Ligand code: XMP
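Take a look at this single chain, the form predicted alone, given in structure tokens.
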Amino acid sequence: MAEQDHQKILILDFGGQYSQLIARRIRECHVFSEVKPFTLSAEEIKAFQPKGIIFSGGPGSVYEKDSPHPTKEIYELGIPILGICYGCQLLAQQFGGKVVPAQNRTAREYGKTETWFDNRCPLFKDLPGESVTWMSHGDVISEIPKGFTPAAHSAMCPTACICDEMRKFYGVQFHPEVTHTEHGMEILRNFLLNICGCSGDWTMAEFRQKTVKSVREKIGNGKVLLALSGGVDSSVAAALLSEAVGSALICVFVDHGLMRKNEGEEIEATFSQRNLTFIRVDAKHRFLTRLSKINAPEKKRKIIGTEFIRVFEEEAKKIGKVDFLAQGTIYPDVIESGQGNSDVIKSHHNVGGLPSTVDFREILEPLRMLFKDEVRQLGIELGLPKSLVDRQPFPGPGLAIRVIGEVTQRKLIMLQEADAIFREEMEKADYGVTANQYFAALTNMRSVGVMGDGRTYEYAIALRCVNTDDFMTAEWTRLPYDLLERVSSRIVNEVEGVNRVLYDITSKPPATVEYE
């Protein structure tokens, strides 16, 4: 709602695994970006008013019959275009070049690749002539189209970049948005600032000002009901909406019993003292009953999403006429719930998990276009305490998706106790700040163990700890063995029903941060 007056970059999604990461990197350059499906018409593209267009990568091959292609009118709009990987091959093919499968395995490139740049190309201005890029392609451009020239190469790829400077069309075979490309941000910045002419006007101060104004105009004399979980997203949404509409904002905390140990009490202590209407709803029994005998992750998410809405509807009726339901939905929630040409990774309870009908005039999502770090920046801008703004992400469905399989009261207690031990030991070891997210999950696996002189057959707890700057990708954290040993020993000795502790060393991708 507040991005309309900003300079914008349009990212057309061809199904690439890094499409959303491209948007994140563009935002780092203080330029607003948005991912849209490749099927956008020329009229829709013009209405978006982009300063530049980026074609994402994708799993297909441009020469296949049903491969995704944009409207050809896009090339007549006079807008600079950067094609990445599949997008680069698309530019080559659509302008008369030739793209073919690599003839042998050595011609395919995957991973870090030494690459040489022609610094006369505006994309590589002020870059060293040689650097490392991240390649991931099985097709190659065998013939460069007329009007284009090569501007970068690797040992196996003579067309690591092609460019038509007259029309400002550029294609790179590698992925500048991935951190493994050493000068990827400089390449993107050159495209944005030098080629597209962006000034970098996307800031949280501007977003705050324009969103507050927009929300105020939209709500008018109405009332807003906010789903307040106490997490970063809903807390920032509460601060933003409070600034916009003041007493017209009513915050409801649904205590579904799926929170971390003592968290419900902590949330109430924090928000009941603030200048807003705070209502705590005890719905523990209700949620556990609905989740009984449910094992499928997506079904659990949708049940929780539906039940959330129903509780809010009931509370709204008690309060009186409420026009808007507000949520702390952020861009990664939208992304992973499926958008454009991308697959659904997992439905978020506040996006894909919503029922088809709700008893509100409209659902209000003021943070919907922000990435997590932008939400944190906005929180600081709004004057929230750093301890709250830097709080770790916690999934909307809560511990229901950290209990693998059916959720029961006994399993929740086991997980709450184990998670509390892990968090306590992480903070003692000063990893509570340096690690971006860490938690315990209760697996659905039971195994034989020995405690004292007796045989046990109990559950296994999995510990998860990752480092990330955007939560779109993440690396598992190399925690010290002595720390893991302390955590394992305490969990097995202090948590009834657990006899084994595992440490997850899988990054994202291929895994997600959460388990379900």
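Since the structure is predicted, the reported quantities are computational estimates derived from the model, not experimental observations. Numbers follow the displayed sequence, beginning with 1. In this text, rigid core is short for the largest set of C-alphas that superpose within 1.5 Å between two forms.
The same protein also exists as the form predicted together with xanthosine-5'-monophosphate (XMP); that form is not shown, yet it is the one meant from here on.
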| query | finding |
| --- | --- |
| Proximity to xanthosine-5'-monophosphate (XMP) in the predicted bound form (heavy atom, within 4.5 Å), stretch among 262-270, 387-395, 404-412, 422-430 | 387-395 |
| Thr277: touches xanthosine-5'-monophosphate (XMP) in the predicted bound form, heavy atom cutoff 4.5 angstroms | no |
| Touches xanthosine-5'-monophosphate (XMP) in the predicted bound form: Ser142 (any heavy atom, 4.5 Å) | no |
| Exercise: Thr179 in contact with xanthosine-5'-monophosphate (XMP) in the predicted bound form, heavy atom 4.5 Å | no |
| xanthosine-5'-monophosphate (XMP) contact in the predicted bound form: Arg301, any heavy atom under 4.5 Å | yes |
| Sequence-ordered list of residues in 490-516 near xanthosine-5'-monophosphate (XMP) in the predicted bound form, where near means a heavy atom within 4.5 Å | Lys508, Thr512, Val513, Glu514 |
| Core-aligned CA displacement of Glu298 at least 2 Å between this form and the one not shown | yes |
| Post core alignment: His30 C-alpha displaced by 2 Å or more between this form and the one not shown | no |
